[in-house]
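Here you get one chain, nothing else, as structure tokens; it is the form predicted on its own.
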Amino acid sequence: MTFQQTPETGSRTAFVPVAVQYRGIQWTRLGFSVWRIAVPVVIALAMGALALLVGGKNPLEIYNMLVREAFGDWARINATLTAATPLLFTGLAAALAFRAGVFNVGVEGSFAFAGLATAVVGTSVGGLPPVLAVLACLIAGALAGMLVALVPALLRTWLGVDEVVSTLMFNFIVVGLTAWLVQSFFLAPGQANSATAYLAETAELAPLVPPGQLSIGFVIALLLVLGYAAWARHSRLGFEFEAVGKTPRFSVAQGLRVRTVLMISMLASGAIGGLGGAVHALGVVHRFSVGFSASFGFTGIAIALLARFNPIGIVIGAIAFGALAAAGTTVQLFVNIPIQLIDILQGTVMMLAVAQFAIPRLRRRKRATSGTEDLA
């Protein structure tokens, strides 16, 4: 028998220790979660197989090649984990916001703007020791990501503006703003395309296993996911996030810190997305250029929805999408298949994941509306 503490609910609610029974692993719930993740993946594979059959290819042979190119040896695993690293950050950023009931679509903008901020800071810290140079770049990335999320967070928290619309629009603003900043102020000398200069060597993240590109950024991402798991399960704020996300009206009635939760969720989501952009700049591309993000923020949304905010699911989803991205480009070199096949697989999984998440909510909202009309 253990005890859990009710959250701080203000003067209207007293502290009441509640006895709870330890239930162990809930196998039924775990099995349902696995089933929920497997359905979109199986449907996506079936649609990809259909496209391959229409193109005269053997789906089993292509899929076997994809698995081999993603996990066949250490070099391929290195490439897969490198591709999964930014997705771990963006998936976690989206999951953190979703946990509080906030559908933050702006992780993509935070990721890109942080990449530019990191590149700018990274070119000017050559005189610092490597640890301080990397730390300065990571802080700059996190602050830049948070800055992108600030205005939508204020609009959502204090004016009730739909965060889906505001964060989506901010993505377009960030795309234009970063291109203008690079072209006007930070363009590398002699560069025709919109790209900054390369980072100072002291600011680059060293590869964990040369010559692969997997860096300590992957370890940072895993530590963040572990921290998220502990925070969500054992902290008061984690409990408040879940309460506000599942029952916002009840949370308001109980005096929970709803506005604080909404504000923190969006800013923290932006900061984590920004860290992802910083790690991508420091460990992989070593500069910022137009097209810096390969839709990492949007893919992170699909990962968070598939995982239902579960930290293990986020790791599995990020590695799965990373494997598709890493193996897809190399398989195309050996077999004459269109690279769009990977886009079909990823797009189908994303579409079904969003449908799984949105349809039940729309049904609940419709039932609530019908109930209100009946009472009227």
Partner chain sequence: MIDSIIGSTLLLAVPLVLAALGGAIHRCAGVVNIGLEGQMLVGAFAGIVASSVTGSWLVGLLVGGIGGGLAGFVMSLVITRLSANEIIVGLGFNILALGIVGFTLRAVYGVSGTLRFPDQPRLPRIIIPGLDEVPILGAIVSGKDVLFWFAVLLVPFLAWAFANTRWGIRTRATGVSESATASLGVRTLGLRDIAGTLAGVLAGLGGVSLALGVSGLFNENMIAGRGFVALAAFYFGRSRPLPTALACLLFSFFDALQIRLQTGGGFSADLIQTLPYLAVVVVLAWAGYSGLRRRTRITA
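Residue numbers count along the first chain shown, from 1. Worth saying up front: this structure is predicted, and the values here are computed from it rather than measured.
Omitted from view is the form predicted in complex with its partner chain, to which the following refers.
- Of the listed positions (L177, V209, L147, A229), a single one reaches within 4.5 angstroms of its partner chain by any non-hydrogen atom in the predicted complex, namely L177.
- Contact annotation: of the candidates L154, L132, I139, M169, the single residue with a non-hydrogen atom within 4.5 angstroms of its partner chain in the predicted complex is M169.
- In summary, the region of this chain contacting its partner chain in the predicted complex, judged by heavy atoms within 4.5 Å and restricted to 123-131, 279-287, 299-307, 213-221, corresponds to 299-307.
- Using a 4.5 Å cutoff between non-hydrogen atoms, Q340 counts as a contact of its partner chain in the predicted complex.
- Its partner chain is not shown here, but in the predicted complex it comes within 4.5 Å of a heavy atom of M47.
- Using a 4.5 angstroms limit between non-hydrogen atoms, V54 touches its partner chain in the predicted complex.
- The closest non-hydrogen atom of A325 lies beyond 4.5 Å of its partner chain in the predicted complex.
- Looking at its partner chain in the predicted complex, residues F103, V161 and F357 each place a heavy atom within 4.5 Å of it.
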